Every structure is written in C-alpha cells, then in structure tokens.
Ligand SMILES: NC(=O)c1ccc[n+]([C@@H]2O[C@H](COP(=O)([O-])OP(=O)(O)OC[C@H]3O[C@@H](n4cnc5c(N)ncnc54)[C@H](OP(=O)(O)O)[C@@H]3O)[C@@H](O)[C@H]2O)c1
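Shown below, as structure tokens, is a lone chain in the form predicted on its own; questions about how it binds or moves come after it.
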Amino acid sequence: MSGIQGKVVAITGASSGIGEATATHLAEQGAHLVLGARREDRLNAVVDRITAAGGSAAGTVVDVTRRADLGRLTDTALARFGRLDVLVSNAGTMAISPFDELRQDDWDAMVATHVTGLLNGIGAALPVFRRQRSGQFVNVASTAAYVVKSPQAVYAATKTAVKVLTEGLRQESGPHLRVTLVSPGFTDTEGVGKGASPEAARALARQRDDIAMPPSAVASAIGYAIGQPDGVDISEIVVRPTVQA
C-alpha cells in the first residue's frame, strides 16, 4: 500500500492541466478524489474517466473566489467519504501583461484566485482538519514566487503571497497537520498565456513549446508530498524543467 491509498483528497482547478494530472495520478495510487473546477463539462469528463478506470472520484462546480463553493467542496468530501485528508489548492490564472496596459480586471482576477481563493480553501478545510486532528494542505505556487520576470510582476506577487501564506499556515499548523508548498516552473498546460495580453501570450506560448515540462511532473511531486508517513511534512518542493533558468 502506498501512503496515498485510501486518502480523501480534494483538488481545485481539477478540470485540466496540473489539477487534472494530479487527480489522475492520485487515483492510480488509490486515493478517493473530490474534484472542483468552474467548467462543469470538463470536470465531469475527468471524473468519468477516473471512475471508468476503476478509480474513486466525485466532482462539484467550484469557483475558488466564492467561499460557499469551497465549503461545498469540503462538505462533498465529508458526505461522500466521511473525511477529508488533503486539500490541493491548485486553481490559477496567468493573465499577465505589462503595467502600462492597466489591465486591472486581470490583476483583480489573479489576486482573487491565488490569494482570496487560497484563503477560502483554508477557511473551509482548516476546521475539518482540526476536528479530525489530521489533514494536509498542498498549495500550488510558482517559480515566479522566487524570480520576478517582466511582465509577470502581478502574477509573481500573488504567487509570492501564496508562498508567504503557506509558510505562515505551516508555523501555526501544530503537530497534527501538514502544510506543503509546491512551486512548479514552466509547465505545459492550456492556461499558459490564457487571458494574457497578445504579446505576452505569444512569448509564453513560444517558451512553453521550447522548454515546458508535462503536468504529470508536478502531479508526481504533489503525490510525493502526500505519500509521506504520518509525522513527516514535506514543507516545500520546487520542480522545474532542467533548461529553465
């Protein structure tokens, strides 16, 4: 048995990319999954594929900027499986652009998704974990939290906030909870450049095609952290393509 088998894992942003790859990887390791995403059709397709392969998964529509949606995600885990062992906060947006374009709606969206969304997940899962006296947060940041590159400053700032909030949560978590930060480098997902300014989107697409690693690499890192024995906390993982500076 793996350290993943039988665990109940909720994942946000689970309809594609890193979230979908993580769901697939954990299902293969015997986890029970509760998957959340905004796109119901894509979400249902992921759930159907996992269950058709013999895995255990349920889905619910989740917009992480809404507190009630995160509450519904954790409630689904409790109703379906009786507990929640891990929350993977993965939902993200990369609508980057130069400051001079003043795309303030995009700035707001990144703050709402990466910062408010993360806090909404903590607010939903932390009381559950406290009652159980066990649980693990896995928060997905980015290598942009370590190196700021133009025109990614706002994106980098929100991912730096994820890093800081994760460390603060870890310090307050106590002996029964685990808190892990996973910071991927360039990853081949459909979200690369989505919503970005045209010039930024083209540059990101070229870089993705040149150097990006598959989302399964990040999924494997997340699985590694979840699969550790009780009492062992992998606090931080940075995973990037070998060619990424």
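Note that residue numbering begins at 1 and tracks the sequence as displayed. Values in this document were obtained by computation on a predicted structure and should not be read as measured data.
A second form of this protein, the form predicted together with this ligand, is not displayed here; the remarks below concern that form.
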Task: Touches this ligand in the predicted complex: Gly135 (any heavy atom, 4.5 Å) - done: no
Open item on the list: I'd like to check something about Asp63: if you look in the predicted complex, is any of its heavy atoms closer than or equal to 4.5 Å to a heavy atom of this ligand?
Closed with: yes
Task: Contact flag, Gly59 vs this ligand in the predicted complex, heavy atom cut 4.5 Å - done: no
Open item on the list: If we define contact as a non-hydrogen atom of the residue within 4.5 angstroms of the partner, is Ala23 a contact of this ligand in the predicted complex?
Closed with: no
Open item on the list: Within 4.5 Å, heavy atoms only, one stretch in 172 to 180, 24 to 32, 51 to 59, 37 to 45 touches this ligand in the predicted complex. Which?
Closed with: 37 to 45
Task: Of Leu118, Leu84, Val154, Met94, the one that lies within 4.5 Å of this ligand in the predicted complex (heavy atoms) - done: Met94
Open item on the list: Going through 132 to 170, which residues have a heavy atom within 4.5 Å of this ligand in the predicted complex? Please give them in sequence order.
Closed with: Val140, Ala141, Ser142, Tyr155, Lys159
